[in-house]
Every structure is written in structure tokens, then in C-alpha cells.
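Take a look at this single chain, the form predicted on its own, given in C-alpha cells.
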């Protein structure tokens, strides 16, 4: 079975046996982005029975820094492209092996473990394939919780546990007309007119929010815990430093690092960035909204 999807204007395929036990989970996350159009996909991800790569050179691992409950990722360079090994939290084995070819337009994935582990691994693999294939196309994924309000997207950044999702929830509770676009990994794409646009994606973390919607970005806000509520506009240099760590990318590869740098420069040139020092309350949302939505 082959399914086609479009995310942020970029098309891709996922191919797997029709009896795959978690197709229903794929439908939940990816269904809103499914398309019947026959345009050529940017990349194709095929699930296979096995994948063995004998010659590989380690280039990155998060084993020494991964937080409890997060996936472990080992990445290698091969003669055929990039090779990944994924291990889900608390799993005794590697749950997935992914090979992305050098052109980033084809990928193969083998899966192991229980149904949930296999689905989470496929979801992570598709995420990496998307990042690799779109890096040179003015497109970047942002680790953020994102609200749409009055036709514009407002993106809330921060390390895990700092309150991104909480702040979004406060907007939903206290700012009439606000709507959650994505709660973990929306996508930014700069269109042909130079407008920075935020898109929903199939990757929304623990919050099931998979919306095929888009809106021009009105502001990017880093959430910082404090004993008061105050928003401060950032300079361009501060904006770059705020946004850069929240944009996952294959930065150990020079070309991907350069793509990321170029895209971030375009974003901060056109979108105001802020830091919101705040409490986890509705007043924080009101203060933030009043500050970042001013003309």
C-alpha cells in the first residue's frame, strides 16, 4: 500500500504492507495531510523486512544526552547516504533502522518491537526524512507549541518542561478566537513572496493535534519561567540565538547546517521574536497576546 501526503506544500509517500498493524495510527496522524494527487513526491519512505548496513561511520549519537523517556538515535554515514538506528524508551532492542539515500529522495526502514514502538519509530523516521528532503527548500521544523489567532501564527519555544504547551493552553482559555495549530513540531516555510508561513504537521508530540492548516507567522516567543509576566522584543542577534536551538536539523552535516543558517536568517529578518518571562497563568497569555499582536 502506498499513501501520499502533503505537509507545508511538500509531498511524500509512505509505502508498507496493507496488513501493517498500526495503519490506523498512521491514519490518525497523517490522514489530514493525505492527498490523491499524482504529483511526484519529494521523497518516498518504504517499510522493508530487514536492513543491514555493514560499512558505516558514526557521525552522531544522543545516547549521552537523551532525556528520560525520549528516543535514542545513532546516526552513521555510509556510501549510500545516511543510516539511522532508533531505540524507543525502555526498549531492550533497536526498534528501527533507516537508510536515506544521498539525494534524500528515497528511504528504507525496517521495524522491530511491539506495535506502539514500531509506529513511534516510523513516525520519527518520517520526521527525519522530511527534514532531510526539505532542508534546502526554505523549510524548517520548529520545536514549539503554536497558536493561530486572527489569521496569524504565534509560536512558543522553550526547552522541554518550560511551559510551551501550558502557555498555549492559557491562550486557548483566555484569548477568544485562538486555536491550536500544533503542539510539538509545526513547520515553517518561506514562500515565493518571502512570507514566513507556519504549517500544521503529523508530528504533534503527546497532544493529538494534526491540522492541515497554515498561517503567516506573526511572532515567535521563547517562554521563560519567572515570578512575573513580561514580554520583551528581541534584537536580531538575540532572535537567532533564541530560535536556533528549537529547530532540529541534521547539523552535523555541513550542507544541512548551512541550509538551516540561511533559513533562520530569512525568518528573523521578517518575523518579530520575543522572550516571555511568565507565570503559568492566564494573565501571562493576556500580557503576551497584547504585546506580540500589536501592529
Partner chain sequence: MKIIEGFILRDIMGQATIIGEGAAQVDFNKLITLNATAAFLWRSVEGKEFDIDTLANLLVEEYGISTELAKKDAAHIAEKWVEVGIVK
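Since the model is a prediction, treat every value here as computed from it, not as a measurement. Numbering follows the first chain given and starts at 1.
Just so it is clear, the following notes concern the form predicted together with its partner chain, a form of the same protein that is not shown.
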Could you tell me which of 49-57, 223-231, 236-244, 22-30 sits within 4.5 Å of its partner chain in the predicted complex, going by non-hydrogen atoms? 236-244
Contact label in the predicted complex: residue 45 to its partner chain, heavy atom within 4.5 Å: no
Can you tell me whether residue 254 touches its partner chain? I mean in the predicted complex, with a 4.5 angstroms heavy atom cut-off. yes
I'd like to check something about residue 265: if you look in the predicted complex, is any of its heavy atoms closer than or equal to 4.5 Å to a heavy atom of its partner chain? yes
Although the partner isn't part of this model, could you tell me whether residue 258 comes within 4.5 Å of its partner chain in the predicted complex, counting any heavy atom of the residue? yes
